[in-house]
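Given as structure tokens, the chain that follows is alone and in the form predicted on its own.
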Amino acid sequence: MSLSRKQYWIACLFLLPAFVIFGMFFFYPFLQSIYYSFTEWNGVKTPRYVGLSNYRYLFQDVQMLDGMKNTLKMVVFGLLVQNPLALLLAVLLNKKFRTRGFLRTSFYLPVIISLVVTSVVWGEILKFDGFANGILTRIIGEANVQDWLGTVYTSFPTIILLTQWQAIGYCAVIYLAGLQAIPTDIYEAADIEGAKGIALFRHVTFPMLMPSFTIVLFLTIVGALRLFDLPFLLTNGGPGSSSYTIFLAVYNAAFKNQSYGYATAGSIVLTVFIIAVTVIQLSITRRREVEL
């Protein structure tokens, strides 16, 4: 046996334990879940094969449909509002001014706070007789205040705004790192060519920022599709199903209604959707990246 072939088999031997563990705890459960998605199963009795019924019911279930609509709203809001605001914030925080360090810390601080703590605090602030309505009552009158998390029309928009409290600072830090990685000599060359203001940003800064843009866009889309914590902790999808997300609908189908087969079908559809969207997004944005 040649030396290179021997090294190859030794490397395989070292990789074998990791491959076995990964297969046991990832690949096998995933393949098993595909089987369960075609069954009616409550986690105790023997699964009963029902064909595509679970997948067909996904598009008739009100909670799942509301979850899909709200999740897509979250994706659109993340792309059209959260992402530009994070970029604008990063550009502003990249300028030199006296309180720059303090403001950078302040905007990133919400990211390190536990979501459970965040939910409890915001739940107390936004309840009908909470702090927010106490101030609004004095400004616009008691007749115009809302139960922000307890009303069908305001519960999910409120949750979307609360997610921005953490997400914008997090995305801004990634953009800020990208801005600081752009060599200054590129700006000096652009200045000599007379590029300034919006033209400088459009033709120099933004193309050089594409790697950060790819990462932020990926995190925004996947984070929106996986939104679970805040609606679960603040409203549990209510009132009715107005603040459901797909993840929450899958969770409740499994652990509240004990419909594990149906919940597995929902999670597989969500997984395939996330993979498809991220592959398309990465293929589009990576083609536009500029190497330094």
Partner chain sequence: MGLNKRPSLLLEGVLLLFALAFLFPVVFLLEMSFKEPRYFFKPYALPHSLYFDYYRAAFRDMDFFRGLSNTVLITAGALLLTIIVASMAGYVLSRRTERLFRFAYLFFLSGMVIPGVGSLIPLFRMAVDIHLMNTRTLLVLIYTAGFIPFASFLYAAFTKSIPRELEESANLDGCGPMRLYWMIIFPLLLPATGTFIVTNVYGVWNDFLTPLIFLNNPARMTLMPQIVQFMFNKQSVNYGPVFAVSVLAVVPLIVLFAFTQKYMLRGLTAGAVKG
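Here the rigid core means the biggest group of C-alpha atoms that line up within 1.5 Å when the two forms are laid on top of each other. On a predicted model such as this, the values are computed, not experimentally measured, just so you know. Residue numbers count along the first chain shown, from 1.
Another form, the form predicted in complex with its partner chain, is not on view; read the next lines as being about it.
By the 4.5 Å heavy atom rule, the three marked residues P110, F131 and I274 all count as contacting its partner chain in the predicted bound form. Within 4.5 Å of some heavy atom of its partner chain in the predicted bound form lies at least one heavy atom of L92.
Contact check for T99: a non-hydrogen atom falls within 4.5 Å of its partner chain in the predicted bound form.
Remark: Q60 does not count among the residues lining its partner chain in the predicted bound form, judged by a heavy atom distance of 4.5 Å or less. Its partner chain is not drawn, but in the predicted bound form it has a heavy atom within 4.5 Å of I168. For the partner-free chain shown, A177, Q180, Y187, E188, G197 of 177-200 come within 4.5 angstroms of its partner chain in the predicted bound form, judged by any non-hydrogen atom. Once both forms are fitted on their rigid core, the CA atom of V272 lies less than 2 Å apart between the shown form and the other one.
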